[in-house]
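One chain follows as C-alpha cells, the form predicted on its own.
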C-alpha cells in the first residue's frame, strides 16, 4: 500500500479526532473565558485557585489515587491467577461482563446492598456487630469505584502476563531465586507496561467521577467532577465549569505524556 493510499484511509480517523476531540476541547476552552454575565475575562482561572477548588482538587487526586492503588492490589493477583487457570478466556469474559451493564444500574444495586436494610447490614447484625452506616461514606465510594474500574486494570495486566516468556521463570528457579525474588526481579519489571496502562485507565477517569459521589457517597466526597456537574446543571456558570474541565484536561494530558515518555525511554534502552 502506498503512503498516499494510507493517508486516504486515515481521513475518517482525522475527521473523528477533529470533530469529537479537538473541537469539544476548543469549545470548552472558549467557554472558560466568559463569566456568568457573558463578559470576556480571565477571572475564572483566578477563581480556580480559591481554597474551595484547591480542596476539591486535592480530594479528587486523593480518591483517584486510592481507587487506583486498591484496583491494582486486587487486579494484579487476579490477572496472575487468570493466566494460570483453565478456560482463562471464559473467566476473563465473566470479569468483563459487568462492564456491559449500565453504570447507573450497578450504582443503584450497591445502594441496595449497602443500605440500612441491605444484605451487608443483615450479615453484620447476625454476627452481633450491629447495623453500620456504610452508604454515604468515603469507604462505600472507594469500594464501588474499585468494583467498576477493576476490569480496566485487569485487562492490560493480563495481556502483559500472557506475553511473559515462561522460560524466564524457569531460569530464575534454576538459579535458586525464591518466589518473591522471581516476582520482584523478573515478573513485575517485565509486566510494568501493563501496570502502567491499567493505572492510566483507572486514574484518569477516576479524577472526574461525579455520579457515584452523589448516589453512593451522598455528596460527602466532593471532586472536580462534582464541581463541573454543579456549575453546568445547577448554577449555570458554564465559564467556571469549563475552567475546571480545562484543568482536568491539562492534568490528564500531562499524565499521558509522562507515562508515554517513560515508556519510550524504557523501550529506547
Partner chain sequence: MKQLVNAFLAVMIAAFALMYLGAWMNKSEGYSGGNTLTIYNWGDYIDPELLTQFQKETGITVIYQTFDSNEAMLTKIEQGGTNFDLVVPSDYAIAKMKEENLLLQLDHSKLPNLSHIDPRFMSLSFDEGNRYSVPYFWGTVGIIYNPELTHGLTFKSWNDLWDSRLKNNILLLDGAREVMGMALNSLHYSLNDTSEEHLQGALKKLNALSPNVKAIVGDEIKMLLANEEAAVGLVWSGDAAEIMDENDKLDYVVPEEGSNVWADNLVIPRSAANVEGAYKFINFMLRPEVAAQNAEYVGYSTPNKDALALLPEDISGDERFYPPKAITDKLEVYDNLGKRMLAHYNELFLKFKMNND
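Residue numbers count along the first chain shown, from 1. On a predicted model such as this, the values are computed, not experimentally measured, just so you know.
The same protein has a further form, the form predicted together with its partner chain, not shown here; the description that follows concerns it.
Look at 66-74, 198-206, 22-30, 46-54: in the model of the complex, residues with non-hydrogen atoms within 4.5 angstroms of its partner chain sit in 46-54. Scanning 133, 178, 102, 165 against its partner chain in the model of the complex with a 4.5 Å heavy atom cut-off leaves one residue, 133. In the model of the complex, its partner chain sits within 4.5 Å of a heavy atom of residue 117. Heavy atoms of residue 108 reach within 4.5 Å of its partner chain in the model of the complex, making it an interface residue. In the model of the complex, its partner chain sits within 4.5 Å of a heavy atom belonging to residue 233. Contact with its partner chain in the model of the complex, defined as a heavy atom within 4.5 Å, is made by all three of 37, 219 and 222.
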